[in-house]
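We begin with a single chain expressed as structure tokens, specifically the form predicted alone.
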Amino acid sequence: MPSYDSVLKEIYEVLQPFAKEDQSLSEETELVTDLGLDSIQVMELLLQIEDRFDVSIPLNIMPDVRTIKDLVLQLIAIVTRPQ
């Protein structure tokens, strides 16, 4: 099972290209409000995360994902869910 910190580190790496210049990312960074992601960018982000973690992310979790921390917790739940 991946640790919270290891997943968080990888999510930071995936999100860095979406951050504005000189913007630092934290667990409380909001994907839409702070990073300004639109729906197409959110889909692109999800595809990158799915590729990196070799999982399929159901779109119905997205209403529960506001911050980077929310994303990490949802991803850990998906990765550790029995197949």
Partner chain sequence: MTIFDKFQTLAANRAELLASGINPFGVVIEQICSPTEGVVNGHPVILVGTNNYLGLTFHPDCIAAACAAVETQGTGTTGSRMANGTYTGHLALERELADFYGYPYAIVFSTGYLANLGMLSALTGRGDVILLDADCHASIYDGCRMSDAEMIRFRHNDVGDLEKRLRRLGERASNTLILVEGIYSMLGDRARLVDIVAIKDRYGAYLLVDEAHSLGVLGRHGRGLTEEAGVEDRVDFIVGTFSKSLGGIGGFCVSPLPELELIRYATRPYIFTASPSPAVIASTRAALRILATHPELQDRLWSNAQHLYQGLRALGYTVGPEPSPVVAVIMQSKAQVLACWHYLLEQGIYVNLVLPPGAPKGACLLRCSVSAAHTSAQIDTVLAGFAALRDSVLIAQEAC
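Numbering follows the first chain given and starts at 1. Keep in mind that this is a model prediction, so the values were computed, not measured.
Here the subject shifts to the form predicted in complex with its partner chain, a form of this protein not shown in this document.
Its partner chain is not shown here, and in the predicted bound form it never comes within 4.5 Å of any heavy atom of E28. Heavy atoms of S24 never reach within 4.5 Å of its partner chain in the predicted bound form, leaving it off the interface. Residue contact with its partner chain in the predicted bound form: G36 places no heavy atom within 4.5 Å of it. At a distance of at most 4.5 angstroms from its partner chain in the predicted bound form, all three residues M43, E50 and L59 contribute at least one non-hydrogen atom.
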